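Before any questions on binding or motion, here is one chain by itself as structure tokens, the form predicted alone.
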Amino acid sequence: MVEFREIGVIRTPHTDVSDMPIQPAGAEGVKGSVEVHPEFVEGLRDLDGFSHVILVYHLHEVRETRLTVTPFMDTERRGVFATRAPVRPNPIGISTVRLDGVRGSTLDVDGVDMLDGTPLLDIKPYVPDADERKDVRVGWLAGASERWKRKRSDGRFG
């Protein structure tokens, strides 16, 4: 058994799974905040020097697991690990968001694609030299990059 504890909560304008952006690329300009619990605030020191952070969170409204899914960006069934569908064996989400500021225990962020009240598990700074990869293949998603920005959740995984 592996256990995690939440270190904070993510606040967003998204209160229902339907019509949410399916990735941060489709949530540009959507403001939110991250409220870090008091006992973890010291860990925010020096974070304000970064432009982006990676939020790791629990997909707390997911109630089922599927090993194959028809993802938002396709009409064919795919293995869940070849998708970003939330109905995973371990419902963990990640999003890279713009860090607009740090105010005490609160991070102001842009590009939120998660539900309001989502439990936060971790925060990591986005570092291009460590995180960006060259010569990337995107499998069945080839040619879909602009569709990320327009696609919205339709509730199929909620």
Ligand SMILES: C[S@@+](CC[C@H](N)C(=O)[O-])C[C@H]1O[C@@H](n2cnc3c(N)ncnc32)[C@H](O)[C@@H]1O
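Numbers follow the displayed sequence, beginning with 1. Note that the structure is a prediction, hence the values are computed from the model and not measured.
If you look for the form predicted in complex with this ligand, you will not find it shown, but the lines that follow are about it.
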item: Per-stretch contact check against this ligand in the model of the complex, the hit in 100 to 108, 59 to 67, 35 to 43, 120 to 128 (non-hydrogen atom, 4.5 angstroms); value: 59 to 67
item: Distance check, residue 115 to this ligand in the model of the complex, heavy atom within 4.5 Å; value: yes
item: Any non-hydrogen atom of residue 93 within 4.5 angstroms of this ligand in the model of the complex; value: yes
item: Distance check, residue 84 to this ligand in the model of the complex, heavy atom within 4.5 Å; value: yes
item: Residue 17 within 4.5 Å of this ligand in the model of the complex, heavy atoms; value: yes
item: Contacts with this ligand in the model of the complex, stretch 7 to 27 (heavy atom within 4.5 Å); value: 17, 20, 21, 22, 23, 24
